[in-house]
Ligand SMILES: Cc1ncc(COP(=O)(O)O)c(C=O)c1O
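One chain comes next, on its own, written out as structure tokens in the form predicted alone.
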């Protein structure tokens, strides 16, 4: 069994999460709970496969075999009950890299791209950095749960070329239901809008919730749909930069691959390919253990919030290992709240306002760490001067 309580020292490994604390937070001693990677060792099967490949001694140029596409499509069928043809599988170094390629391939500089904030900030940073216009379809927060504003969405889609969906949603931890996704998909289909569904967190479901792939909820959307997956969140392999972009429409797939090659982003790396295939073929038992551990962590945090922090709440955690904490009762500005958490509590969280409209007053907390780290973080949180 995996030992998720084991503390691994990540300092001195060029870890963004740990070794850039001084630059990001101004203090090297904060507990880093910001970057979305885990403080847990990768599945043993992946470590063994990487070790074996390295022991071969040569890491020359390589290509992706049929096993790359087969590994992800088999996983998706087994884990989420959705079928993709292996021919639909394309490569990307990462989901954000895929966004760059997709925006370049399928939109022009006068096109509008819709996102649903508060949301993972590259969803709007990448379009803006590439001179596209962003349309904000802000999520509505009611009763510790977010939902889509479908009335506003229906109007906005009439002028939009592309939508980027977070499914499950980062950072608000929503596992969209089949009914929500079907309604969303049909609205996009009516307006012939290209949809990029980022489903990178789809394996990290909490509290008995299940992931619904958008293509499963609205199969008619397939000609306009691009779905992104990666083992990076599921198996803690972000540093290997290997992701999959699934495109059922043959002409769109060809256009994506041509753009990927034009940008010279198609090669990948040999170790990433080994880890990708091995994780999806052999990591399921490890993942089930991880989910049990994360669910127990969430339960303990919910207990502490209700008994020790009357001024703090969080959105209902349905997916991901990222909690969306609501500090708004304290009335602090985003800048003041962030500074107080750093200076008074020694905590390095992700600022809510960096996720766009609707994020101010919230903080995103990464809980993919040993329970001792989580407990220490909440003890430090008691030091906040309110």
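Numbering follows the first chain given and starts at 1. Since we're looking at a predicted model, the values are computed, not measured.
Not on display, but discussed next: the form predicted together with the named molecule.
Trainee: Quick check on this chain: which one of 91, 120, 146, 286 has a heavy atom within 4.5 Å of the named molecule in the predicted complex?
Mentor: Filtering the options by heavy-atom distance leaves 120.
Trainee: 243, 273, 227, 116: which sits within 4.5 Å of the named molecule in the predicted complex by any heavy atom?
Mentor: Answer to the contact question: 243.
Trainee: Mind telling me which stretch in 82-90, 153-161, 198-206, 262-270 gets its heavy atoms within 4.5 Å of the named molecule in the predicted complex?
Mentor: Careful reading of the contacts points to 198-206.
Trainee: Can you check whether residue 36 is within 4.5 Å of the named molecule in the predicted complex, heavy atom basis?
Mentor: Yes, residue 36 is a contact residue.
Trainee: Verify the contact flag for residue 233: yes if a non-hydrogen atom of it lies within 4.5 Å of a non-hydrogen atom of the named molecule in the predicted complex, no if not.
Mentor: Contact with the named molecule, yes.
Trainee: Even though the named molecule is not shown here, does residue 96 get within 4.5 Å of it in the predicted complex, heavy atoms only?
Mentor: Residue-level check for residue 96: yes, a contact with the named molecule.
Trainee: Do residue 166 and the named molecule share at least one heavy atom pair within 4.5 Å in the predicted complex?
Mentor: Result yes; residue 166 sits at the interface with the named molecule in the predicted complex.
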